[in-house]
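Just one chain is shown here, as structure tokens, and it is the form predicted alone.
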């Protein structure tokens, strides 16, 4: 029986700010329980919902040397969907209305968490073979495993994996502060270890010291070895390319299922979508005050409104696109300039554009279940989950060929009759517009072909079970 510990700063259902939480909450339950005992450890934030705090039971507490003082560390646990979750409790560090805030205090808080998570293991009697660390918040765990936790029988054979969910976020601060907080000797703060461009970098520490490195799609694993995507760590990632692999994320096929989704006005499946899906489109047009028309090509966007997601391209061609017979439904919040851009086009083309500048789980499912196409023109996208959801709901994705988008959306080929969506290569507004108009043409003029694209999209399997089998291979390779 191999024992695996996931260490992360968030996980569903307890706390979520992004896709990381979906991975940490959903992946552990997909491993074969005969061979793997997978558990999760994360902070117990004060801002967690009371119903989730009520699920937790006290296990133990102890005091740990941290930043020249003795700090309380509480450990709580609960079982959720067959997986044991541990929570590190310290009200000083995990207070606040959100899990993340000021980066300086976040760095201190997650150095504390990394040290506390390892210190708690002997106390709770769980000795993992592999600690699987997610993103910069747990970047010091692989370093500590090679340093202060190395002695003694308990930790001596423990391996670590570092998974990059988004390389843009690295946890950097000045060397002096991080050296003091981490308690690591000067030896670690050199350019071949934790120091990068005069600062200390927690993610880099994890990438240098972990026994294996993964990221969330095969294409992103290649891209981050180049200067454009490498965020100044491409040299290190090339050096570690023998230990680096990309494993695509999945989505929860029970939660995202058009046949049972309670957010949809009308449920449908791969067999009856031709008749049933259109009813959702009518309901959404009615709900959002758009012109009710079955024929109009409806494009959905559910996203954080940031530069990374390609909204400058959309801003550039929006007037042109709105001359076509299309409707565009947007849901999300983010940078003010993009929020206002969509509000402006909603005002200007009121019967064609619906800008919903907030977040709603309910409306997001309705967009996946009602639109004809889903637009995702990202500048970079480590994995991306929205395109996986749109495939699952038979809403044809139109994406830029980067990262996980390239790995999961097969471009339509009209000569071979293959493909699950449409894509374009260069980060160029008119190349994107050409892709959208190509999709429109197939939708309007070759409806049978369009429906076959949907057939193939809904048949694609991006469930967590596929990801779990790839991680299983890696765990077996690391601990034969």
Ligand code: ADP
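Residue numbers count along the first chain shown, from 1. Keep in mind the model is a prediction, meaning the values are calculated, not measured.
The following text describes the form predicted together with the ligand, which does not appear among the structures shown.
Of the candidate stretches 199 to 207, 99 to 107, 357 to 365, 289 to 297, only 357 to 365 has residues whose heavy atoms lie within 4.5 Å of the ligand in the predicted complex. For the chain shown alone, residue 16 is a contact residue for the ligand in the predicted complex, at least one non-hydrogen atom being within 4.5 angstroms. By the criterion of a heavy atom within 4.5 Å, residue 308 is counted among the residues contacting the ligand in the predicted complex. Contact annotation: residue 384 falls within 4.5 Å of the ligand in the predicted complex, judged by heavy atom distances. The closest non-hydrogen atom of residue 303 lies within 4.5 Å of the ligand in the predicted complex. Think of it this way: in the predicted complex, the ligand has a heavy atom of just one of 171, 258, 332, 246 within 4.5 Å, and the residue is 332.
Checked against the ligand in the predicted complex, the candidates 175, 376, 88, 237 yield a single residue with a heavy atom inside 4.5 Å, and that residue is 376. With contact defined as any non-hydrogen atom lying within 4.5 angstroms of the ligand in the predicted complex, the stretch 58 to 83 contains no contacting residue.
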